[in-house]
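Following this are structure 1 and structure 2, which are two forms of one protein chain, each written alone as structure tokens.
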Structure 1
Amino acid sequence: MTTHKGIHRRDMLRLTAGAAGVAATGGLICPAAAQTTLEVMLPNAIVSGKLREIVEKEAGIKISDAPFQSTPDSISRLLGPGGTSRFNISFGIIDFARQPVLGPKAGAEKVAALDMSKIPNAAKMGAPFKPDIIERDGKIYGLPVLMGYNTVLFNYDQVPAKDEFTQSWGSIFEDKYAGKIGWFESPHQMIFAAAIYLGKEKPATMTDAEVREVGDFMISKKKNVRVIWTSFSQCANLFATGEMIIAFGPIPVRTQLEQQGIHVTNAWPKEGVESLVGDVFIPKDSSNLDKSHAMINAMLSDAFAKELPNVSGYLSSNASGGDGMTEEQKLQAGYGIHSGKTKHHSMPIPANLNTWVEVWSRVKSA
């Protein structure tokens, strides 16, 4: 809701509360009231619990995080009317975000060029993340803060963890667990997973005919699927209730379920996991550039890097991530993706994405 002068109702309430506080203290504003609040559009798991405490303390801010749904939603908000001023910090998976963030040419960027002198922790970034820095003409517009991965999640009370079949994408397509399988409502990620299983090493380069071939395979296997879930919370709930015992799964879901004591873990499919890198950037009309830079710097700190896998399942772009873990613990957390010990596939956006969307619609309606 917005006033006729363009002030959001929530901002009006904040201003009113602030005025009341000044009156109550005789015109003096206490330090707590003066603390900067940053409005952010970030995956909620990376600004929760101990991670929130670390960032708020190191950056000297309070975080107000909007519900994060997906990178396409986050980018749509950035590109929409008023989008460059709505949030102080936004997030996107690099393969989706790079081009929309930069715009078609110099000067068309939707985000601010970063002052790297205010983000000294960027120097701690690991080498695997350097290609995912968003830059143009010598200026940096976005920095990678995390790596995640999609894989097969399963209830290890009902699905044998060491079974070769479990350690394959085939376990969410073939008949063995029919009626207890979950797929994700995402044409890009689901078709990609099916393509990997079918032996296509570079799914993003598939022709229209190949995409339709993968779609035909998925249609033939849809009879085995219990549900196509639409959000991380729904996926977690379906595991918790036992409606699913095996599913396509982003790694934060595993972490959430582990914290709840649900017996769910992830496979390391022999065909490779889907890997993704997330960048943060400051919308060009952000209301507080200094504190926004401070928050990004805190998200690249050693303390944040150490806690990130524990809270969210994601891995930090800070090269110190994984310090203190045994080699076995590092592999289980996913750091084998960094070192090359774990096979993985990055997920660039295919040029024929419209065909992928069309095929996925056909799969769902079959």
Structure 2
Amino acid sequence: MTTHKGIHRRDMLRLTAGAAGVAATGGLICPAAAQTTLEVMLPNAIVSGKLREIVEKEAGIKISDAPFQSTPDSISRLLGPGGTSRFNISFGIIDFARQPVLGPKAGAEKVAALDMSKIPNAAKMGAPFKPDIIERDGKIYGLPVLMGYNTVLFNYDQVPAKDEFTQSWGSIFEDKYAGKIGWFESPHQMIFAAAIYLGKEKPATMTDAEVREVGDFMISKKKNVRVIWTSFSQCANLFATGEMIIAFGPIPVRTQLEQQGIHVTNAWPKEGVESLVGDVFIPKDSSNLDKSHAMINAMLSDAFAKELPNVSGYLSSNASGGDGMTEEQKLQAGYGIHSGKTKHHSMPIPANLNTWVEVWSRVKSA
């Protein structure tokens, strides 16, 4: 019987070796075809259409983008086991991302210090964006590329635009549009919006008890909600198919729907919009640092700045971003946030984030 076993083992080994060979060739073909591809974790809205062409051409690369859901998602992937080598470039809303990206102390950064000599376009950055550069001990770890805001989006055929109720966060909580409302699967931004509506001036400093109170309010209003959407495009599709007519929404969704000819626009809630600035950074163990720098440089270029509002509705951090826009266009792009015309709240990361997350899990499961 021993010889008997011997046969199988040897022949099986040969077979296994063959299969491994196939696997190895597969592995060889792939990187060869993907020579200058950068794998990035960026919102699709800022690397699609013309923006993609501009960046690919200026930096001499191909972009391969992973599905981006939200800042906590991209940060979670960065901080998770093995996360610092997973992507070449990552993105996050600065107020949320700054602390986790830098780590608790010098040397614990999750991202690479940027070689600014390779990013000459950074010199063109507008003054209001300077505080949003991620910096520690004179080294720069992340650069703002855009600003935007979250607000209430609505279908203006079915929801009156010139209406006190529409121009308030209350419209996505209260009963008036029950069954036609959409929320966003983002504990931070969604609880933040509810908190602003409930009159908290600085939601990020809420105590655990206050966060729970906001959570209880949301649970009591959850019956009015039809869908909790998870990605920009899901939000857009739900508007397009009429499944929801009013929702928590980011600006790129409005822009995409406008381009499709669907009658959706944004409100200016009297409690203020959620303002945000998005930074890009290079994860610490990223391969191909050279090309990653080139890509960031391309994202700060004049050409990118000019096209960004058209494709995504965001405003570039490049000072030339608003050139040629009318006053109204500037206001829509979010210039009012810097000039003081638009009431807004920035969204710092709360110290008791775990409570926020826990409360959100409860809202979702309730």
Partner chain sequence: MLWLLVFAILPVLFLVCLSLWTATIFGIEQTWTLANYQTIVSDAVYASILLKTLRISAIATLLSLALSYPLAMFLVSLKGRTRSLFLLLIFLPFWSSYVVRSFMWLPVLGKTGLVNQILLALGITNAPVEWLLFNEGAVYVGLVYVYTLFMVLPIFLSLDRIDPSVIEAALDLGGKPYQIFARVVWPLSLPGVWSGCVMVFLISVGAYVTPQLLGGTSGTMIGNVIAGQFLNTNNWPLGAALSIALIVMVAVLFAIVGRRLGLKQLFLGARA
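Each residue is numbered by where it sits in the sequence of structure 1, with counting from 1. These figures come from a predicted structure and were not determined experimentally.
Remark: the form predicted alone is the source of structure 1; structure 2 originates elsewhere. The candidate at the hinge, the spot where one rigid part hands over to the other between structure 1 and structure 2, is G148 among F232, N88, T166, G148. Treated as two rigid parts, the chain shows its smaller part rotated by 14° relative to the larger one between structure 1 and structure 2, based on C-alpha superpositions.
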